[in-house]
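Single chain ahead, by itself, as structure tokens, in the form predicted on its own.
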Amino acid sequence: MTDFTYAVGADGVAVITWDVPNKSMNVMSLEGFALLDTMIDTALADDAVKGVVITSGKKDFAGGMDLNVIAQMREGGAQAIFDGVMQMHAVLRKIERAGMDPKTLKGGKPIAAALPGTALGIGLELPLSTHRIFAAPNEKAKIGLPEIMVGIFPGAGGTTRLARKMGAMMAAPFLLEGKLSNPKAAKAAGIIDEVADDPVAAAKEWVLNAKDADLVKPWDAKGYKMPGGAPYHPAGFMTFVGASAMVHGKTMGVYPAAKALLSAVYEGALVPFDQALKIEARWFTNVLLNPSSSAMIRSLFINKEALEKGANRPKVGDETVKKVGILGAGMMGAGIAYVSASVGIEVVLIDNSQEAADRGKSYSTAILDKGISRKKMTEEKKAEVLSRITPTTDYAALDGCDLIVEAVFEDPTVKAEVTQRAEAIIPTDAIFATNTSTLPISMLAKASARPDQFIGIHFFSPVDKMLLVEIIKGAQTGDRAVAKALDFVRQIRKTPIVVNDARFFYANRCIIPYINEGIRMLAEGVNPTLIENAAKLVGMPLGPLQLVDETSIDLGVKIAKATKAAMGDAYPDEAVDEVLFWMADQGRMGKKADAGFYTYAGGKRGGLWDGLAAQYPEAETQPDLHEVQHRLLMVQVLEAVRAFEDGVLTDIREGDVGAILGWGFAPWSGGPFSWLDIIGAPRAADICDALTEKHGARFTTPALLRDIAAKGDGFYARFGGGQAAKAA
């Protein structure tokens, strides 16, 4: 069996069908490229062949490049990467020129692409090299170039072709943001040419009637001008100036792929097309050799996919959820109800009053109505989703539920009460999950008659938008409960990480110190603008002061009081509490109160509140930018390492994926463990030692980091296969 098959019909059209064996989605390999090249040669050399249609034997066209290809190319160094990319360019350019005379641009054979469904990455770059692209009217299909999302950019001609086809301005969302479109939207944007019920038949018909002029790409025609203007054209100059400002504004200079992509487009627009492909290949080589791209690919593609496929799932039978009972119809419960019902799970949504339960269901109504207004949802689909949600006050409705998700107030007494009420009704084999961000699972499980079937599932808010779900094993949680939680998270299309029970689990254990460090610096007299911008310039989506405003200052006060009560004399954050409690006393509770560290008007954020300067005046000497950044990053990273040392986190892959998806830890770095590997453990230990000497014991170098530094290896070299620190 091969990746491509070749057949010539009685009509003289050669159909090349992409169908990679043993894979649900086509991915391109070097062997596949070589085979495709051979088949194109065969078609061009055969006088009986009038043209070619390239299609797929699967429901989708292709999901992109096999990442093992990129890994192989990287191992060979810069020259191997460049040569490999140029070989791909040669194949796609052969398709584009299709045997035509280079001077007259005549005599070529028409080549069309017929896409039955999704076409991503190389799955779109290949069609872009053909002469016409046909797609089936599949609303679920996604067409686009999402490479930027995993730290690279379209390097097989997609960058150069799309920019020249659409112009830099129009191509920007698809190249720089990885925007994906359904076939209808892709046609409207000019990415594909036609939407047809039978794209293969339509492509064949076009091939049999195509003229020489239909085969010539605009950039190969005499007098071609780039849409929107080339860089030296007045309009084009403004486009590229604006694009440069936009890229820097969005990436803060820390994402190498975005800068490289813009450079490839800019420089490529100044030269003929074939030279532009070489420029694209050089910049793609540059990005592949940057450790940031390796880390992003590993965390945001390879590791994320492995976790979603159950890399750490216990070996027990299928635990697909059929009916879920949700206790508590507040914002979290309502969000869980929506994501469950939207994937076909029957939902019972319980609250103390029918009014509250109905309000919880209306949360789904509002999301679905927004989808209808944006033409992403139909009235029929909305009705179908809502029909699966039963809002009620009657616990008897939980009968038949195979999973319960409790999402009531963060009060152990309330949680214990609803646990016992639910367990009196639900089947004896049902799994009970508590949604909590701070309370120990083992403590909450004491209220359960079946502690082996009790587990924590920590959703992040808002549930419908956040990609991560943290699954927490209590001291007695059994394998079937873990499997049920993982299968549920997979059903609702989220990414799971599994951690052991401990205060704050993993995500909050790392993010709370980040917030606290920003507040601590404010109290020390560090300029708050420096604090916030230092965080953004190192890749954090929000500065610590803005983040505490978003999550609410009163929540911070509540967590601080609970933590102090639990830790007693060992509590380390008195200096932080002084600021938080003072803000609360001023009534500045954050964004929801229209007053926090920032000013707000109707929920719209303004500048930093000038009252901060009066209460916490700036110190005469301000710290260096890098010192502020190291403080903000290291307090998170060191907690991640300690969580791994302690056995709370058992897989650094989960640590990196969870950090990026859970609280936005500098995605360019690949996550905290990847960042330590990028800068090197010796350098990290030196930073920690300097920070410890100047700012205290919270920056003390963990023993594991010290050991890795001494032995000259890295976290992924030692633990990249999913090994736990305590087992190593």
Ligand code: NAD
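Values in this document were obtained by computation on a predicted structure and should not be read as measured data. Counting begins at 1, following the sequence as shown.
Although it is not shown, the form predicted in complex with the named molecule is what the next lines describe.
In the predicted bound form, residue 332 approaches the named molecule with a heavy atom inside 4.5 Å.
Remark: residue 161 does not count among the residues lining the named molecule in the predicted bound form, judged by a heavy atom distance of 4.5 Å or less.
At least one heavy atom of residue 352 is located within 4.5 Å of the named molecule in the predicted bound form. Although the partner is absent here, residue 407 lies within 4.5 Å of the named molecule in the predicted bound form, judged by heavy atoms. A single residue from the set 395, 582, 301, 273 has any heavy atom within 4.5 angstroms of the named molecule in the predicted bound form; that residue is 395. Of the listed positions (208, 414, 467, 593), a single one reaches within 4.5 angstroms of the named molecule by any non-hydrogen atom in the predicted bound form, namely 414. Screening 306-314, 484-492, 518-526, 452-460 for residues having heavy atoms within 4.5 Å of the named molecule in the predicted bound form returns a single hit, 452-460. Residues of 44-72 that come within 4.5 Å of the named molecule in the predicted bound form, judged by any heavy atom, do not exist; none qualify.
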